[in-house]
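To begin, one chain is listed below as structure tokens, in the form predicted alone.
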């Protein structure tokens, strides 16, 4: 791929995080079609004759360091007789602060470009322009660019070009574009501009978002524009950035004389508020807009209810997904992290596949997971593997089994199962070897446990649920999924079936009591409990004794309402969903959240922050509750042996606590919708199915063909 082109870069390594330019002047005429194939180590921003090439933000995207995606653009309309192509490159995901450990075996490697421009003339002849030593290089006006720390641009900087250098980087790492590109979406004007008690000028966009901004100002040469970014204000109403940790998240711009219009090119920010540190004149609502960035995924799912607070929660879940689906499923978009955390992705993936069409998005990320899987079958905590080589935590590493299977259920994608099955087998084998007891996963000190559970001991981020128990349950679940996937692929899974049976037996023998809400939830949801009624009753009592409030963290919360509704406690599940007191989903809504928080108590009712170092206000994991609303409240369910909604079960579970609840999902087969309305002491159900469906209403079963129905 790109066999005749060369990797090129600036002749010497930049001293810091400066961006570089690579330029080629050329002449052509009688152009019928022109196609640019391009990729880079580091993110690029390309122009031809001062016009942007494509709309892919932060191309070529975020991938394992073992591969890089190549983009193909039709640039016919950008060409003239005399042409200049300029590509600006920053380190970013390749070797910026987010991935400073990446050396690709050579510590002196830095941002580089490889490209091919194919020009077809009107007479049918072809002309090729390759990246090679004929190109020129310069330091860029982008004086600093980093994913964590922001961007600095100097419009007065003199870009002095010198001959570029060719580099012998591997070509085998180049693959065609696989994921969804990152593009601009909503443009949001400032909601208000105000002075804080400290006298600082702050813009409020009334929405926590991921993206950047565009400003416009008339200025004198040398005037400065400077912004800082924040998600929240402190209890006094002042600008607050301590939860960004070491991420500077800044923007600086040195103006040229006259009109200056600019938006960042090689970074992104997570923010609701922008503090104006410097601006050549008084800033107004017309001076600046925020621009939302996320992967180019199509919205497919919609939830609505009679409760304004619940509807705001649904909106917050959507914004949390948009803000964290930026080429990879990040945990958060603002602090010095922004990683593809496996645990967050697996707990949210069912909701993710209903809200948006994320099949291609996850195909690309899961391929990176397979590339970054360690030789012993274990997995990094984050994918791409930009962090340490620590052993995986239960419920985090299990993303390798859970995520592909959900993609199969929602989209009928058997191909991803075939790709991921060898990795699933390797992971199951690793769990068995990593344990100090046969048929259990015990003895590990590397587990996150029920992360951020409300029953955590003082000074701990981990809930009180036993880590050995959680790990063993997920050992069992991943083995069960490996059996299911193996059968779908026609594999002999006898040894995994036997292994699953032995794991279940060992768990039941070893863990005879469940001591926390999360332990009860896992026992019920994953079929561990032998006496389901007694376990469900115990869980219900724990919840009621806690003021009808949850105590679960990242591991227990996604399954909590399911465990209740599957075992006769649907009304209690609704009580938790509609609970407004802390801790609850609606507590943050009442506190003014516009996305999902990392902590149930990110800000308490006194305006105090939970912590400085682990307190994101755009962290989508707890938004996984939406899959219960889709699948139980509104009852839209996939059928395992008819994946991709080829057949559907619709079994809504209403409550008199709401006047109505509705869900719509645009599936591969068409639109499925389920809504119910309270009418006195009865309920009216309106259901549409694009395929044959089994509808269950008040215990009665109706087998129907595609169409719309009222009950």
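Residue numbers count along the first chain shown, from 1. The shown structure was predicted, so the numbers you read here are calculated from the model rather than taken from an experiment.
The discussion below concerns the form predicted together with a small molecule, not included here.
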Query raised in the report: Counting only heavy atoms and a 4.5 Å cut-off, does the small molecule in the predicted complex sit next to every one of 151, 213 and 294?
Result: no
Requested in this report: Specify the contacting stretch among 178-186, 545-553, 327-335, 348-356, defined as having any heavy atom within 4.5 Å of the small molecule in the predicted complex.
Outcome: 327-335
Query raised in the report: What is the one choice in 92, 627, 231, 344 with a heavy atom within 4.5 Å of the small molecule in the predicted complex?
Result: 344
**Report entry** Answer option from 514, 622, 451, 441, heavy atom within 4.5 Å of the small molecule in the predicted complex
**Finding:** 451
Query raised in the report: Given that the partner is absent here, does residue 398 sit within 4.5 Å of the small molecule in the predicted complex, heavy atoms only?
Result: no
Query raised in the report: Is there a heavy atom of residue 586 no more than 4.5 Å from a heavy atom of the small molecule in the predicted complex?
Result: no
Query raised in the report: Can you check whether residue 614 is within 4.5 Å of the small molecule in the predicted complex, heavy atom basis?
Result: yes
